[in-house]
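Below you'll find only one chain, the form predicted alone, shown as structure tokens.
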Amino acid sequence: MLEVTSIKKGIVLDHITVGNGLKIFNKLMLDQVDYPVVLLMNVPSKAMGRKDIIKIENNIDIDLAFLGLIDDSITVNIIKEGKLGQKKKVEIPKNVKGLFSCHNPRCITNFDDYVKPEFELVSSDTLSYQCEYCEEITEYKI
């Protein structure tokens, strides 16, 4: 039987769509940290049928916009002294800065190191964003 104990202080990423837990785990480079981290995959869920969960026994800064790009069903639970301190729901970000590159090879953001790419959401169905500099439409994919 698999037993995962509760954490005293840290973050629990809950309600992750099955399959996205490993993507988030890799993107956050949680395999390189020196504190306890647990990735649970295909966990039974009343609401979702199956889900992934990531438990991080440490307080780290996680960009909610970044999580929203990967999976907008995630709930971020902040644990303090063994109890739920705060709960945040992740959404698809309307504006994104510096999280991915513009697909236009001639866009200034692809050759000037001082300019971070900025995008505005065009379609939440396809995760399409319009570049603030060249107006090229870029579809975000993991």
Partner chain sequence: MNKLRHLIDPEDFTTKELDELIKLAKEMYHHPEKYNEACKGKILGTLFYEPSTRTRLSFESAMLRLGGSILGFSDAATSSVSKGESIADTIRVISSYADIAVMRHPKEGAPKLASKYAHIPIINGGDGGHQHPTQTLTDLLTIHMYKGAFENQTIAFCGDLKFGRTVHSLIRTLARYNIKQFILISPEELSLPDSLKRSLIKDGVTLKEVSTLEEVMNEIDILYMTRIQKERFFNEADYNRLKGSYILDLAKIKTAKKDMIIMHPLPRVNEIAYELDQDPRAVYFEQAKLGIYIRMALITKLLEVDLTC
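Residue numbers count along the first chain shown, from 1. Computed from a prediction, not measured in an experiment: that's the story for all the values here.
There is another form of this protein, the form predicted in complex with the partner chain, and it is not shown here; the text below is about that form.
Contact annotation: Val37 falls outside 4.5 Å of the partner chain in the predicted complex, judged by heavy atom distances.
Residue contact with the partner chain in the predicted complex: Leu121 places no heavy atom within 4.5 Å of it. The partner chain in the predicted complex comes within 4.5 Å of a heavy atom belonging to Asn104. By the criterion of a heavy atom within 4.5 Å, Cys134 is counted among the residues contacting the partner chain in the predicted complex. Scanning Asp31, Glu91, Asp112, Asp63 against the partner chain in the predicted complex with a 4.5 Å heavy atom cut-off leaves one residue, Asp112. None of Val76, Met41, Ile108, Leu99 but one reaches within 4.5 angstroms of the partner chain in the predicted complex through a heavy atom, and that residue is Ile108. Proximity to the partner chain in the predicted complex, taken as heavy atoms within 4.5 Å, picks out 113-121 from the listed stretches 113-121, 81-89, 64-72, 49-57.
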